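To begin, one chain is listed below as structure tokens, in the form predicted on its own.
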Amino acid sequence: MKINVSNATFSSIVGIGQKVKKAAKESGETYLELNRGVNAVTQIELDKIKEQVNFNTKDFQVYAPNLGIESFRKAIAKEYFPSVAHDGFEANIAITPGGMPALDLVIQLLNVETIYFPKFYWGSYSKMATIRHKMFSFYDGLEQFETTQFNDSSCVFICDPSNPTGIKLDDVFLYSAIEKITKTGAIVIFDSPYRKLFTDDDFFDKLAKLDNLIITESFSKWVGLSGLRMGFIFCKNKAFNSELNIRLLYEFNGVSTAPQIIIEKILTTTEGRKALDVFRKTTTENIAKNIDYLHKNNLLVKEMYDDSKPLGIFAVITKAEDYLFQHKIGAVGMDKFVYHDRDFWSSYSRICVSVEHEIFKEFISKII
């Protein structure tokens, strides 16, 4: 059988997850799965949401429109881009089955010569670029960019707060850097699925006024429903959106209606907002306690954080992946998140800090 070989390797993160689950099953002992990138402090309570959903309707049981349910896209426009969300603005929003398909569709569509990923990057970025035969390179930091190197054949990925480091840039600087890059004709992909877990501000709204900007977003992190696989792409460029519409049809033939309806109810009903507020408050409080615990016990990589603390759901600590596994903690070595100096970074690990604080402390205390 002849096939087209992607030349991409299987995700290390998935492989580590399988290793941890196998060890837990064979030993009968509990492992703390900090290798995953999902919130595990608490679950969002959906009992009141279920009462808002009529399951016995065509809206629920039949294909959704190709771009997604219109009322859901309008709810997203109002949530993310309130100052510009006029009638028809939802045409700039396309629903995707999660954040990764959103990113993959963007990489497919863009006719660029080079994609720039941050020095510390989610490994799936380069895997998708490899599968789609896109050239890519890396940048150390936005503050070191010379905008003269960019043109309309360039594309820059920005993830803030960062996966894997949890580092959050100053918003004034971040917006200024994005604006400068987009003015060169280069395209900026703003992939920030953790931001709204921590902040309610107008940053997305400001970004929406820029040209040459694409936002890929997921509801997996800040709404806590990764199992529903729901995300979206925002772009104002008509040519991009026209081609995206075609590719959405032949990739998915409409994204599942059920998660669209459920998340719309979360965003637009009193019961939904209450459930979301409780989920976010409980989650972020536990994350803050866990990061403080790492900081207090000198487990954060000092050279990386410069006396600051990570904000996102991830942190980088001064223990290797294998060492943590020996102590029944699943983690991902930092060598999986860099393209250079992998031997050096293999001494450190990325862990997810979005777990219940007392459980986190119980396991982490054994490696102090």
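In this text, residue numbers run from 1 along the sequence as written. Remember, predicted model here, so these are calculated numbers, not experimental data.
Beyond the structure shown, there is the form predicted together with a small molecule, which is absent from this document and is the topic of what follows.
- For the chain shown alone, Trp122 is a contact residue for the small molecule in the model of the complex, at least one non-hydrogen atom being within 4.5 angstroms.
- Within this chain, Gln260 is remote from the site of the small molecule in the model of the complex, having no heavy atom within 4.5 Å.
- Contact annotation for Cys159: at least one heavy atom lies within 4.5 Å of the small molecule in the model of the complex.
- In the model of the complex, Ile167 stays away from the small molecule, with no heavy atom inside 4.5 Å.
- Here the chain stands alone, but in the model of the complex its contact with the small molecule, taken as any heavy atom within 4.5 Å, falls in 122 to 130 among 122 to 130, 262 to 270, 85 to 93, 104 to 112.
- Checked against the small molecule in the model of the complex, the residues Lys134, Lys206, Lys236, Arg229 give one hit for a heavy atom within 4.5 Å, which is Arg229.
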